[in-house]
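Only one chain is included here, represented as structure tokens and corresponding to the form predicted on its own.
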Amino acid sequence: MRTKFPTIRRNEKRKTQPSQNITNNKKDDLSMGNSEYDIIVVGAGCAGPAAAKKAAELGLKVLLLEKSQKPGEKNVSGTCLNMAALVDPDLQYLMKGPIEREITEMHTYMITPERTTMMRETPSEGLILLSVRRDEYDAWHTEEAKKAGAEVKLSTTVMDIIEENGTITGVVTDSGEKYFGKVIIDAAGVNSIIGRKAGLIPKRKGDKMILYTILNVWLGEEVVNERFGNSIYYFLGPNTQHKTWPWIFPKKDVVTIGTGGYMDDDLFKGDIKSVNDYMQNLIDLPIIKEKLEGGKVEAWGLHLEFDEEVEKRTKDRLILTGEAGGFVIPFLGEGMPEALFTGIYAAEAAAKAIEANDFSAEFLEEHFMSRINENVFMQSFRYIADLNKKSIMSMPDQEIAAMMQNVVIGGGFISNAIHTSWMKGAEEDDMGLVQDAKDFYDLIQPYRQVGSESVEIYKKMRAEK
């Protein structure tokens, strides 16, 4: 008998109450001059609160606009924070947020008709990830921005941009309110109106888009501890995804399950009529079905992610961050650190623009992208994703699992990225490619050895919260 799986509808999410710490200010009266800000940040997901907090700390007048009553309330994503990114001084404060579970192990299953291969990664010391719930974490992060001095308005949807002589000077909300800023930071996600109206976000479709279906299954803390512990799980199996990695991330008393695929011509074929079918096949795998026995679906939803770099991330007085700017790397399940970093870097670039009284796209691009290009974490993951995506997008799903079985001992995607460059160099007698592989191997070593130092930083941050 197949598991009963509800039809997924976009707006059927778990009901949440507005945050107790952040006032819904949508109908507040504005006195003269209060609609003008140094920086307006749109979106209180990952990048938005990071940008608003940093900008406020830099002494700027900041407005953060968010369409939801409670930041994160509609987000049903998997959500784990990568400790390799959190040890960066810019992100260490995030360890103070509401953590659901400290992840110390990772299990990866590659399933083919011939065999099932399981890789278990257990570092000798340190944490791999911190599991969080976005409906709690985003609200906390937004409150941190407010504490730093940013003004926060919830239940406020940005519907349009204000342009004067081709320059963006502000935004218009769903109630007709107009807010003006010296710099606008777009953190409104994959379908951002601002980036589209500004002409920076192209039409997104096909193999540049991934459609996910996600379930939150309540099991209770005792059962989650017993069946999942402090491990996350990834799976590659027949008809359970389309060139993506299905996952199970444990929280305190629920687990989040996600799968989906690139929106190309092969996303739906044969018995696969929707992403729900991928999910059904996934949770029907014996190894998963046993772990979910007795669970109750708490929330479900669809989620779109853009998997391509945007050509331009700045326009006069405008900076795109996070998913709006194409910084997220869904092929590797990476997104939150990239959004957080780019939010902070956008605030820094905006502050420099205000100081120099130069709001040109060129000035903002120079100072924004220079920080991104110096970020080893972001550059490493982009390199791994680009190299692997080229080979994997050309393979049938069954071959992908078989290929990953062949490289599993060396560390999965990282091993494949190094091996691909190394072997291509050998075949083409190009020592430059071999050297690239060696240089990349050396580059990523700090992120393969996040150990006792990260634990000490984590303990310190938790003690200060």
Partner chain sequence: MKVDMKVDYYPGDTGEFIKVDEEKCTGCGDCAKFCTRNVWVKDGEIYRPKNLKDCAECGACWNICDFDAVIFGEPKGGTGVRFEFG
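Only a predicted model underlies this, so the values are computations on that prediction, with no experimental measurement involved. Numbering follows the first chain given and starts at 1.
Only in words, not in the display: the form predicted in complex with its partner chain, which the text now covers.
Go through A148, M106, M209, A385 and name the one with a heavy atom inside 4.5 Å of its partner chain in the model of the complex. Only one option qualifies, and that one is M209.
Which residue among T157, Q92, N230, T112 has a heavy atom within 4.5 angstroms of its partner chain in the model of the complex? Of T157, Q92, N230, T112, the residue with a heavy atom within 4.5 Å of its partner chain in the model of the complex is T157.
Closest heavy atom of T240 to its partner chain in the model of the complex, within 4.5 Å or not? Although its partner chain is absent here, T240 would stay clear of it in the model of the complex, with no heavy atoms inside 4.5 Å.
Using the partner position in the model of the complex, report whether S68 sits within 4.5 Å of its partner chain, counting heavy atoms only. Yes - in the model of the complex, heavy atoms of S68 and its partner chain come within 4.5 Å of each other.
Taking the shortest heavy atom distance, is K74 within 4.5 Å of its partner chain in the model of the complex? Although its partner chain is absent here, K74 would touch it in the model of the complex, with heavy atoms inside 4.5 Å.
In the model of the complex, is there a heavy atom of its partner chain that lies within 4.5 Å of any heavy atom of V217, even though the partner is absent here? Yes, V217 is a contact residue.
In the model of the complex, which of 347-355, 367-375, 310-318, 283-291 comes within 4.5 Å of its partner chain (heavy atoms)? It is the stretch 283-291.
Taking its partner chain in the model of the complex, which residues along 281-304 bring a heavy atom to within 4.5 Å of it? Contacts from 281-304: I283, D284, L292, G295, K296, V297, E298, A299, W300, G301, L302, H303, L304.
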